[in-house]
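A single chain comes next, written as structure tokens; it is the form predicted on its own.
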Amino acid sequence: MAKRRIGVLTGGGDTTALNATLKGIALGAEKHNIELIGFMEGWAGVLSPDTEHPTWGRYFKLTSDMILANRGGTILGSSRTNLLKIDGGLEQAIDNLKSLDISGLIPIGGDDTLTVGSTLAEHVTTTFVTKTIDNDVGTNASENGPIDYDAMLNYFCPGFPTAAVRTAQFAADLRTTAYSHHRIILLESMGRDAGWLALSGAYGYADIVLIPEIPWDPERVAQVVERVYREQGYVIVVASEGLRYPDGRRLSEIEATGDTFRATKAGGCSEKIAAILKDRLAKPLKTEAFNHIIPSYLCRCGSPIPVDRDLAISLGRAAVDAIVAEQIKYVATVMRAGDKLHAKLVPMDKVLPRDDKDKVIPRELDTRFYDVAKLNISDAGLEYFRPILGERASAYRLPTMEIGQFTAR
């Protein structure tokens, strides 16, 4: 009897936890004596090559010894290929998977990758693992009554914890330059539709956090920046790349080349905000030191932090267990139970809500985690991050100085 065979692919942007997820899937497959096939470059891997795309349709036997869980990125490669927008793409994928005798498929990705996967799941046995540093796949706890953290479906997406640590560290580290030169620094975080990653900057004691869920109000932001600058002589602002005007338009977008899911992508709002603030505040604050920083790929490269790596491995194992148990159309999610985080299989329809066009709806930041009055994290938000990032470090404060000054001539 032929050995059972399943497949896996990674789509969308890379994260630090993708290889860890692949490691868990490979270990799970070996535990159940299943052959694992890795498809290269996301959904392109299950399509047939043609003259324009000669590298499509590549695959290989994937084993656990090939994968380093502490190594970021994905050895399968990735792409933003939307097989639903390719003529006959879905049919090609189904036929190609059948030709390899693939009895189950595990797509790993964010809302775009999983939108395709949820459609393919109508034809091929499929179980999912989420992946996005934006943390925008899953559902929040009910807004009725106190916040129930244990009721969040997919507490975080693998890749997010490491990116959150990096963002918090960037905010903390930039403070040394800010206070040394009395600068107002705009740190731009990823987050096309949601402010989860921007909010993690508050763990590094960012003075102000700006998120897409709260419309851009330049007057209000300028007021808070001016107040903080007068109080301490410098300001750190973390702004999500997806920041929006009240009418829903993003402050800044750029062309998304090589992306068959969308024509534009968010990015560059920090430069625009710095210019707006400089125009409003340079004279009253007597400073020209308005700067912007876009860490971009620095948040998604390198090695995962332990909680990210270990839970990603657990999620990969759980996805294989789901296929073996014929729990099709399930998602391997991170769940919270008290102070502990663990992997759990949850039906796809509960984790991946879809709109009337069958597209997965991105999860927004739970705005109870944000203090609108302070433009910063709330106590509830700090509690959300605690089991992921650990206890928040103490804030650094400049020492009290008895400063003398020469008399003006």
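In this text, all values refer to a predicted model and were calculated from it rather than measured experimentally. Throughout, we count residues from 1 along the sequence that is shown.
Absent from the display: the form predicted together with a small molecule. The rest refers to it.
Undergrad: For Asp308, is any heavy atom within 4.5 Å of the small molecule in the predicted complex, or not?
TA: Asp308: no contact with the small molecule in the predicted complex.
Undergrad: Determine whether any heavy atom of Glu241 comes within 4.5 Å of a heavy atom of the small molecule in the predicted complex, and answer yes or no.
TA: Flag for Glu241 set to yes.
Undergrad: Would Thr132 count as a contact of the small molecule in the predicted complex, using a 4.5 angstroms cut-off between non-hydrogen atoms?
TA: Contact check for Thr132: yes, within 4.5 Å of the small molecule in the predicted complex.
Undergrad: How about Pro161: is it within 4.5 Å of the small molecule in the predicted complex, going by heavy atoms?
TA: Outside the cut-off, so no.
Undergrad: Heavy atoms within 4.5 Å of the small molecule in the predicted complex: which of the stretches 316 to 324, 188 to 196, 205 to 213, 167 to 175 has them?
TA: Stretch with heavy atoms near the partner: 188 to 196.
Undergrad: Considering Arg183, Arg80, Arg336, His292, which brings a non-hydrogen atom within 4.5 Å of the small molecule in the predicted complex?
TA: It is Arg80 that has a heavy atom within 4.5 Å of the partner.
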